[in-house]
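In the form predicted on its own, a lone chain appears below as structure tokens.
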């Protein structure tokens, strides 16, 4: 149960979080009074810090040291004390300019988004390619390669492209393959995995093989949680004093680098949010032991119910929450606009 704080306690908790975020050191009462010209004595601040410690929002690493925020302290800040902030116009213009000056295409925009997030948050960033939430057939191409091998290129609604090789019993000409593809483009227009199973089963063995391959690809897409993953700024995390021990840093970064762990994190957190919603995970939330010394901030971008991706950052618990959340939201908004444009085009 959240303990209610007085206005003075809220102010002091906010200042302590800010100072610890800036210095990575315990914060002393006299330093707060001096740094912020507080209209109260060091003794008063110490008493309030003791009260905040007893409530579980601060802790004292050493007997003679100042205080640092606990996980609960950070959670209280994020839930109750963060005011919605907007990035400065100069920052917004700089980021926008980077995107609109880059070559057109998600393969350029997604690594750029990861780079921008890492640079502005000084944390490790993650961006996943937009992924079809419900795989829907749009277009099929069958391309003869060599002997009996055929390349199947399946385009889904939303622009996602799936490729697979088919091994035929006998060679088939490109003209015949194009005719098969044309039949499927008429037959399967806007089909999902569910509606595909209700379509008339073609009698030709080649058609049946192509239909099985299409069904297999739609099924695979439906099982995926994320598209391709782009990471940046891993050295930012390694440079933080909290991660001076390599085992701690390696444990945290495993979540980003190992696909099953990342899929678990995304599917159990941000996938339950609407596009544009933000999830802040502090200290692993008792679920992800690898993240016990970290905070992860995630959001979704893209076109709801059609094509969405995830972006966010991983850093120490003392990450600058207000600025980082604002940056994530702004970059997500840009990616949403760009994805929408590519779908129209």
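Since we're looking at a predicted model, the values are computed, not measured. Positions refer to the first chain, counted from 1.
Same protein, other form: the form predicted together with another copy of the chain, not shown, and the subject of what follows.
Q: Of the options 176, 239, 199, 82, which one has a non-hydrogen atom that comes within 4.5 Å of another copy of the chain in the predicted complex?
A: It is 239 that has a heavy atom within 4.5 Å of the partner.
Q: May I ask you to choose, among 205, 94, 195, 145, the residue with a heavy atom within 4.5 Å of another copy of the chain in the predicted complex?
A: By the 4.5 Å heavy-atom cutoff, the listed residue in contact is 145.
Q: Under a 4.5 Å heavy atom criterion, is residue 341 part of the interface with another copy of the chain in the predicted complex?
A: So residue 341 counts as contacting another copy of the chain.
Q: Using 4.5 Å between non-hydrogen atoms, is residue 153 touching another copy of the chain in the predicted complex?
A: Residue 153: yes, in contact with another copy of the chain in the predicted complex.
Q: Do residue 159 and another copy of the chain come within 4.5 Å of each other in the predicted complex, heavy atoms counted?
A: Yes, residue 159 lies within 4.5 Å of another copy of the chain in the predicted complex.
Q: With a cut-off of 4.5 Å between heavy atoms, is residue 131 one of the residues that contacts another copy of the chain in the predicted complex?
A: No, residue 131 is distant from the partner.
Q: For the interface check, one of 207-215, 73-81, 145-153, 86-94 should have non-hydrogen atoms within 4.5 Å of another copy of the chain in the predicted complex; which one?
A: Contact criterion met by 145-153 only.
Q: Judged by heavy atom distances of 4.5 Å or less, which residues of 163-183 approach another copy of the chain in the predicted complex?
A: Those in contact are 163, 165, 174.
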